[in-house]
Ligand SMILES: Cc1cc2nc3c(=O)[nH]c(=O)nc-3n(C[C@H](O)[C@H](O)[C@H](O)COP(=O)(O)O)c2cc1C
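Given next, in structure tokens, is a single chain: the form predicted alone.
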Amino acid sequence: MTMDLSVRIGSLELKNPVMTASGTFGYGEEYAEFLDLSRLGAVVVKGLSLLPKEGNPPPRIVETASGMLNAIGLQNIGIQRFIDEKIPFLRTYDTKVIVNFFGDSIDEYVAAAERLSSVEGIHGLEMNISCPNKQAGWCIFGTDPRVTAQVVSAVRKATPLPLIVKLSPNVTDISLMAKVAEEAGADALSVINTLTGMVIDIKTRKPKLANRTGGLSGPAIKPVAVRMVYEVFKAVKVPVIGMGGIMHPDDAIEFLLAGATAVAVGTANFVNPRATIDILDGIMAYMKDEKVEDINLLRGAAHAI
């Protein structure tokens, strides 16, 4: 049976819907010895800022029941080093490259988008307005509708590339935030980033993370993420990229049925470096078993029930 796995994210066509989640796959080359990057629909690289950032002090990661809590703090090498050292490697693979980026002000977001948009080999941008382990003031980008509209609109004017906005789940109504981002110019929405959480050491009676709080990811958050993808799909017309606790093919298929056009695999990469490929193969096996010739026929199928 011939199967069509291609999907569209705005003007960006992916050969299949399986992507990597930013912050869990390095800059791509770290995983190249484990899998053929060309098989992926897209590689989404670790979040970048205009200048390098050291991130938060350690300890920055702690395991939790069915997941992990991280407070890396967006440590990264900066845009210029990425352009000089990382993008040449990624250009050698037949896959789309999507760069996640952020700023500490609207001006920084705009400057980062402008700089990245002129680089050969970058096919799309994912703007992070939703990190749960940065300063409270920074998070206003993803939790205040007015500020969200301002920053997305400003970046939209600064780049011709497909623009994906990564939404925060730490809001009262994610559908509202999705509509705000769509109206401001987003070509697609990433749903969801991590949930804010805390773990306390009962011996020391102190938080286990130096930052106190961090972002919860892994299987524990999947039901929340699926629900939010389902709600956002109903609220907007732009594509939704589903993420949050995808460990196995069935998880990814669940997101597609909820309304996701594509899926991003995150924490699973730490457990199994080949998780993305295993998930892709599992999706193909499911399509064969269910006699589904076009992956797009699965999108939002749960809404018809």
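Each residue number is its position in the shown sequence, starting from 1. Since the model is a prediction, treat every value here as computed from it, not as a measurement.
What follows is about the form predicted together with the ligand, which we do not show.
- Note on the partner interface in the predicted bound form: the residue among 41, 47, 239, 28 having a heavy atom within 4.5 angstroms of the ligand is 47.
- Among 110, 83, 72, 147, the residue placing a heavy atom within 4.5 Å of the ligand in the predicted bound form is 72.
- Contact annotation: the ligand lies within 4.5 Å of heavy atoms from the stretch 241-249 in the predicted bound form, the single such stretch among 49-57, 273-281, 33-41, 241-249.
- Using a 4.5 Å heavy atom cutoff, 100, 221 and 267 all lie near the ligand in the predicted bound form.
- Within this chain, residue 128 lines the site of the ligand in the predicted bound form, having a heavy atom no more than 4.5 Å away.
- The ligand in the predicted bound form is approached by residue 21, whose closest heavy atom lies within 4.5 angstroms of it.
- Interface residue remark: residue 192 is counted as part of the site for the ligand in the predicted bound form, having a heavy atom within 4.5 Å.
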